[in-house]
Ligand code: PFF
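Quick setup: one chain, the form predicted on its own, written in C-alpha cells, and binding and motion questions come after.
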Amino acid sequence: MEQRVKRGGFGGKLAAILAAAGSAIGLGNIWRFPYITSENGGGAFILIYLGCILFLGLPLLVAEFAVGHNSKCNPIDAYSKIRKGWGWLGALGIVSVFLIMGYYFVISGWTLNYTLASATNSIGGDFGGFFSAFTTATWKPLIFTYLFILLNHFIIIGGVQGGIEKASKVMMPLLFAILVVLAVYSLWLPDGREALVNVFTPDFSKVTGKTFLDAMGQAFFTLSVGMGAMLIYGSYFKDGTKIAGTAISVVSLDTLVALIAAVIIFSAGVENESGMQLAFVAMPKVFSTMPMGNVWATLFFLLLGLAALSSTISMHEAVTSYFVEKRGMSRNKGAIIVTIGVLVLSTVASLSLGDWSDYKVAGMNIFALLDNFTAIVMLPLLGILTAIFVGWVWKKEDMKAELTAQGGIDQKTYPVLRFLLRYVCPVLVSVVFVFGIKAFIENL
C-alpha cells in the first residue's frame, strides 16, 4: 500500500555534485573512452566528443535533474506527477537499471578480486589464462560479486545523507587521488609525455562517420541518463541547488576523469585494447613489467572498483526508492528486496560465463544479453523518450519555471536548451539507437 514517507536529501551542493558525478563516472570512462579516442584521431575525437557533450549529454542530464527536482519523487511518480499517465516511463527506467545491475555487479566483483590479487602479487604470468579461469569458475566470481552487492546494500540502508552522501564524500576524493597518482606516474614512463601529446593532438585523417557515432554514443552513455539514477539524485537536491550548475560540474568531472584515464592508458601503450581485455588482461601485463608493478596494479583496480561502486550505488537507490515511496516499505525492507533480486540476476549472469554458458538467447549468454539489450535498446530508447517528455509533454510554462527559477538558467539560455531537448537530442539519440540496432542484428 502506497504511503507518504519522509524523504531524505543531500546536505548541500557539494554532496549533490559528488554523488551525481559518482553515478556518471563508471567503467566506461576508464576502459572505453581511451580506446575510441585512439581509434578516432585523438584530439580530433575529443573536440567532437565535447560538442556532443554540450549539445546532447548536458541537456539530457539537465532534463533528468529537472524532472527529479520538480517532483521530489521516485522515477515512476516523478513522471506521473508532471503529466498523468506517464509513470510507465519511470517504470521502464527502473526495469532497465535493474537489468544493468545484473551484469554490472559481476564486473564490479571482478575488480575486488583483481585488487586483492594485485596486492598479493598472485596473478602470475598468464594474464589471459588467469582472467579466463577466474571468470568461468563457479564460486570464486560469485563470492566477490556478492561482497560487492552487500557493500552497496549497507551504503543504501544508511540513507541519503548517512549512506550515499557519506560514501560519496570518501569515494570521490579517493578516486581522484588515485587517478592523479597514476597519471603523474604514467607521465614518467618512457612513452608518458608522448602519450600526452597523442591524446590531445588532433588527427582529422581518422575522422569518419563512425567517429561522430562513437562520440554521440559515449556522450550519451557516460552520464547515466535515461535509467532514473540521475532523476532520483535530482529529487534529493535541496531547494536552491542550481540544476544547470550542478549538471555542468558533473559533466566537467566526468570528462576530466575520461581524459586523465586516456593519458594513463596511452602511456601504458595499450590504447588499442578496449573493455574487459584492456582492464583485466592488457593492463596487468603492462604493470608486471614496471618497478613496483603490483602497487600500481592495486591502485588501478582500486580505481576501477571505486568507479564501479559510485555508479552501482545510484542504480540500487533508483530501484530502492520505488519500493520505499511507491510501496510504502521501510528503507531496510526495500533495499533487501532489491539486493536479493540483484543477487539472483547476477548469479545467473556470472554462471552464464562458465557452467551455464551453453544456454544462449539470440546467440548470446545471459551476461552478454543483459549488456547488449540494455546498451543498444533500453538506454537509447529511454534517452529519446526522456527528451520527448521534457521537450514536448511537460507543460512549457512549468518547465520554464523549473529551469529558470530553480535551475539557474537565464532567460536567454532557456530557449536554446528547450530547442535542443525538443529537436536535437531526440534526433541524435535516435541515430545512436538505429546504428546500434543495425550492428546488433549484423552480429547475430
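Source: prediction; values computed, not measured. Counting begins at 1, following the sequence as shown. C-alpha atoms forming the largest set that superposes within 1.5 Å between two forms make up the rigid core.
The form predicted in complex with the ligand exists for this protein as well; it is not shown, and the discussion that follows is about that form.
Figure note: of the listed segments 165 to 173, 191 to 199, 307 to 315, 369 to 377, the one touching the ligand in the model of the complex, with heavy atoms no more than 4.5 Å away, is 307 to 315. Using a 4.5 Å heavy atom cutoff, none of G9, S71 and F237 lies near the ligand in the model of the complex. When you look in the model of the complex, the only residue of I265, V250, A349, A229 with a non-hydrogen atom within 4.5 Å of the ligand is A229. Between the options W110, Y104, F300, F148, the residue in contact with the ligand in the model of the complex by a heavy atom within 4.5 angstroms is Y104. At a distance threshold of 4.5 angstroms between non-hydrogen atoms, S38 is out of contact with the ligand in the model of the complex. The ligand in the model of the complex is not approached by V429, whose heavy atoms all lie more than 4.5 angstroms from it. S224 belongs to the set of residues with a heavy atom inside 4.5 Å of the ligand in the model of the complex. At the 4.5 Å threshold, heavy atoms of V97 reach the ligand in the model of the complex. Comparing the forms between this form and the one not shown, the C-alpha position of F33 differs by 2 angstroms or more, with the core used for superposition.
Once both forms are overlaid on the rigid core, the distance between the two CA positions of W394 between this form and the one not shown is under 2 angstroms.
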